[in-house]
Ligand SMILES: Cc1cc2nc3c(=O)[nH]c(=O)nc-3n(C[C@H](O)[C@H](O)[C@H](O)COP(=O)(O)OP(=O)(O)OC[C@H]3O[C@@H](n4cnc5c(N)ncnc54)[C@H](O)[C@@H]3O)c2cc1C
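Only one chain is included here, represented as structure tokens and corresponding to the form predicted alone.
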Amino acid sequence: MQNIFDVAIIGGGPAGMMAAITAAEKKNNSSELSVVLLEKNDSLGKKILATGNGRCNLTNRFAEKSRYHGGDQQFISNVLSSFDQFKTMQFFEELGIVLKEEDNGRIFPRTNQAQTIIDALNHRLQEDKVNVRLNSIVKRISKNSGNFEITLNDGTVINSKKVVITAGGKSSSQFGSTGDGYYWAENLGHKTTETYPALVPLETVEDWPKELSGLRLEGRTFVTDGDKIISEKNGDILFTHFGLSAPSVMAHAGRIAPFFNHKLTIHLDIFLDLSEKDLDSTLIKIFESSGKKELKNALSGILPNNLSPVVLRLLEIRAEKKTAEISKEDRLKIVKFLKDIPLEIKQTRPFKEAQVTSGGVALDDINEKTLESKKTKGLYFAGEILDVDGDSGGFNLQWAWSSGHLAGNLQ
């Protein structure tokens, strides 16, 4: 079996597959480069199957640097522009995939099946004669006499002139990404920043959200560290048995994780479209028209049935009280609470439940125009392993395609 290659790609996720395809289609003195793609799982692209609820939200029409976090924004912009969302869409359309656009610029295959994307990439890898090695667990990477030696768990040693590490981060470890790449990067002279789960639900100290488990509302959420707002999002809010979830809530995780040594509070405004004054006017009208009703029943026209009793209990207002008996003070308490429901954040859910990793290989020692290491010539990085993470909505996959393509150019 051949164990000497021009290029070795470590990690068969989206960035790795794109890097392998790009490298294999390059010419070296009019001949094709020999490329090996090493993947620890028994198939490529397992994490892709979980994206977009199994439909693969492969990019976003509005992908731009402002939707990404972590490293230097100019670095991120350079990588994205090298192979942007429009080139990505063209790439997949040339693979024979019909795409469709949904709300907020999210792009999906028309089949609504992530497997469509994986099958097309696998076919292209075969066409490009990429040597795909499944169930290949990398134990060690070293560089000797100008070439890289990659030692696998079974003792096999693969020699390569260049290496692209696309091993992912720590998120969703059930798909094979366990943070091994950080260890290899550090051994090859690179710094890694602190890593945290990102795009992951939040656990709260208070346990009352479990009474509302499954209830989904729309509104604004913001997280405070003392009096300072450190993260803010609009969108769905989902109550769970452990706290809060939904994309807009999960978006806070990576931003607030570095502050968990402080007391953090998430605030819910479930009437984003109404000011306190307008919400108060709405309650006045409801109470005036239903003076004989019990308060918990009167509120059913503006709040979900299971939320009203919880709100009233937390405010220590008797739910059976007639609306005609409600004081202005109690009414304003309800208004203020619905515009700012506070919950203390206990922690994020674990890496296993995270969609992406915040933090990773520091960008300082990576060439932003090539993604080659400044520390080790011939070594490249792409995808989630880098200190870049994106918002929900196809942005992280776009980072994988863009960085994988740039690294695979081997400039």
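Just so it is clear, the structure is predicted and the values come from calculations on it, not from any experiment. Numbering starts at 1 and runs along the sequence shown.
Same protein, other form: the form predicted in complex with this ligand, not shown, and the subject of what follows.
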Exercise. In terms of non-hydrogen atoms within 4.5 angstroms, which of the given stretches 305-313, 83-91, 216-224, 163-171 touches this ligand in the predicted bound form?
Worked result: 163-171
Exercise. At the 4.5 Å heavy atom threshold, is residue 356 in contact with this ligand in the predicted bound form?
Worked result: yes
Problem set entry | 4.5 Å heavy atom contact, residue 193 and this ligand in the predicted bound form | no
For this session: Mark residue 20 yes when one of its heavy atoms lies within 4.5 Å of a heavy atom of this ligand in the predicted bound form, and no otherwise.
Result: no
Problem set entry | residue 175 within 4.5 Å of this ligand in the predicted bound form, heavy atoms | yes
For this session: Could you tell me if all three of 148, 379 and 387 have a heavy atom no more than 4.5 Å from this ligand in the predicted bound form?
Result: no
For this session: For the stretch 38-62, return the residues whose heavy atoms include at least one within 4.5 Å of this ligand in the predicted bound form, in the order they occur.
Result: 38, 39, 40, 41, 47, 50, 51, 52, 57
